[in-house]
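First, one chain by itself: the form predicted alone, in structure tokens.
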Amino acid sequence: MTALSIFFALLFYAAMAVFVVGLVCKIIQYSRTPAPLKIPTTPAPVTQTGVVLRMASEVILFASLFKSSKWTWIFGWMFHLALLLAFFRHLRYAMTPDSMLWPLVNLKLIQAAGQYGAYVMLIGLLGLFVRRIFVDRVRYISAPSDYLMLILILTIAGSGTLMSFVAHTDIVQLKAFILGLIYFDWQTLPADGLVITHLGLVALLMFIFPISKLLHAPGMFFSPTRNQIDNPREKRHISAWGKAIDDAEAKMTVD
């Protein structure tokens, strides 16, 4: 066991702890934030089923983004689709052949789609990056962190692509290292510059995620403009915060 392997093992445990705890805290914060008004973006569904279908169209198809900007939708959808494919491709590094999902994850189609989807991801990210530079209204509202986040994800995708197509690393040993982290049986990490860069940047992304704009992933489900039924005339909307005030006022009146 090398010092580098020990460092990265501890780094990933710390990154995972920050990622999970930070994400859970944010989700709890979102769930407790009151929505005092009925503010669904119209035209909005008037039934709960309609809300579910609307949320599904936003999560899967990016429906509102498609209506507002076709180019942004194309690049954004390319990136997110490739990210999903990369996720399934990478699952095999955290599984053993006796795992229940192994036959699905190890399919040649899944692995090939995840591998060549790296090019789709890079094109999508480059398109989003160029958009921030050359579209005036987007550049005006872009903070330095927006550019740095795109550069970070681009570098992660780029280093992963290089490992797949240019400078191959010891995949068997890398998988042993990852499984060792999962089962608390630490193994040696390949001393490869691309591997170290790739894993180091992934850990950095995990540290940053809970305090970044990437929280739009879980945050979308708590957006009152998307998750509310459009029924303000049929039913009065009172948030938990507003109900507490009404109850306190009613108690004061009785007293």
Partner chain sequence: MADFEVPELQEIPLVPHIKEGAMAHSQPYIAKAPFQEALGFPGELVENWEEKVYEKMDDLRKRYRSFQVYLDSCVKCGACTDKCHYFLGTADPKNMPVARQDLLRKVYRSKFTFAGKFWTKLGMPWMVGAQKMDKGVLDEWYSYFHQCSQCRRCSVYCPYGIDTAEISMAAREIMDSIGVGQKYCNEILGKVFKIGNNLGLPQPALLNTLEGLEEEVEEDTGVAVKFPLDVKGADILLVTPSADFFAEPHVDGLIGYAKVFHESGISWTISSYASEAGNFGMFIGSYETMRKAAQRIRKAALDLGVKRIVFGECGHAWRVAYSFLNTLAGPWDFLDPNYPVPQHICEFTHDLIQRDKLTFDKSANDHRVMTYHDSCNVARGSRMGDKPGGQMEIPRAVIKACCNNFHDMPPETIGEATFCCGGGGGILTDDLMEIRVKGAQPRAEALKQVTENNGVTHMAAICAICKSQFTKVLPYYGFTMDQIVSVHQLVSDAIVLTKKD
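What you are looking at is a predicted structure, and each value in this text was computed from that prediction instead of being measured. Residue numbers count along the first chain shown, from 1.
In what follows, reference is made to the form predicted in complex with its partner chain, a form of this protein that is not presented.
When you look in the predicted complex, the only residue of 109, 143, 104, 172 with a non-hydrogen atom within 4.5 Å of its partner chain is 143. With the partner omitted from this view, the residue of 99, 155, 72, 164 that lies near its partner chain in the predicted complex is 72 [heavy atom within 4.5 Å].
Contact annotation for the candidate site: 5, 8 and 198 all lie away from its partner chain in the predicted complex (no heavy atom within 4.5 Å). Contact annotation: residue 30 falls within 4.5 Å of its partner chain in the predicted complex, judged by heavy atom distances.
Not displayed here, its partner chain is approached by residue 238 to within 4.5 Å at the level of heavy atoms in the predicted complex. With a 4.5 Å cutoff on heavy atoms, residue 40 counts as touching its partner chain in the predicted complex. Proximity of residue 185 to its partner chain in the predicted complex falls outside the 4.5 Å heavy atom cutoff. Residues are counted as partner-facing when one of their heavy atoms sits within 4.5 Å of its partner chain in the predicted complex; in 204 to 218 these are 211, 212, 213, 215, 216, in sequence order.
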